[in-house]
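Here's a solo chain for you in structure tokens, the form predicted on its own.
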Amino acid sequence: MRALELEGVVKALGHREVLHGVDLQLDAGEIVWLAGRNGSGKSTLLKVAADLTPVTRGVVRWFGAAPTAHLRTRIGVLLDASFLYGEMTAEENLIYYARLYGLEGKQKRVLEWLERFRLHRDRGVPIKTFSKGMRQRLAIARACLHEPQLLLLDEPYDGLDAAGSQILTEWLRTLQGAGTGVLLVSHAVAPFQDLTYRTLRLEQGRLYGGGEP
């Protein structure tokens, strides 16, 4: 099953095209690493894939259909903004998102995620006091809390120490085994070299490396 398809996607900002006819297919259980220099359009492509910014031309499909509010509950997104609230504790942040997703057993699920990312000991601490790495771990937990079938990650290794990177890599392996499709933008390829993944490269808004799996 295709988790994500981009077909002939063009994205223009004013008179400048940021993405030029991008075709991309991501299968369930596949990890695609999207590489490219700063300014190549990687983050824009991720926002288009997440249906957070409209395409100028082209088609975006999730699980073979046009994006809808119902399908959005099957998508997890990590962008440069963490969407976390500094005055709230780690636990309160995840409880808030668990309510938004209408998840059952919220308290138990949140505690499991905090433990998975080794934040359970700091669950009652306002996250404005967290280090960058701790905030990044929590942001990843937020994106994965509802166990999405398509995960879109922008620089997930940014700010993580060696232990945090290992936790993330192991979690990506678990997701892959569970059939979640992952599109991952990262400059740091080394932390997940031992995973099975496909590499695509974006240069000046054009995708290279083959859109087909």
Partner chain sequence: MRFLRTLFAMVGKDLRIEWRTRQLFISSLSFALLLVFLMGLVLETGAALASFSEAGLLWLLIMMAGLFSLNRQDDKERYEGAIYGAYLAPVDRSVVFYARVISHLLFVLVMEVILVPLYSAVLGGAAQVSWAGFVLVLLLGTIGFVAVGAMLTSLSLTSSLREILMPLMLFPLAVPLLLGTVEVTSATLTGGNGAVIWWAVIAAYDVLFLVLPGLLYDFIAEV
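Keep in mind the model is a prediction, meaning the values are calculated, not measured. Residue numbers count along the first chain shown, from 1.
Keep in mind the form predicted together with its partner chain is missing from the figure; the text below concerns it.
For the chain shown alone, K108 is not a contact residue for its partner chain in the model of the complex, no non-hydrogen atom being within 4.5 angstroms. Although the partner is absent from this view, R61 stays clear of its partner chain in the model of the complex, with no non-hydrogen atom inside 4.5 angstroms. Not displayed here, its partner chain is kept clear of A66 by more than 4.5 Å at the level of heavy atoms in the model of the complex.
Taking the partner from the other structure, its partner chain in the model of the complex has no heavy atom within 4.5 Å of any heavy atom of G177. The candidate spot formed by E30, W113 and R116 lies out of contact with its partner chain in the model of the complex, as no residue has a heavy atom within 4.5 Å of it. Residues S82, F83, L84, Y85, G86, E87, M88, T89, E92, Y96, Y97, R99 are the ones in 82-99 with at least one heavy atom within 4.5 Å of its partner chain in the model of the complex, listed in sequence order.
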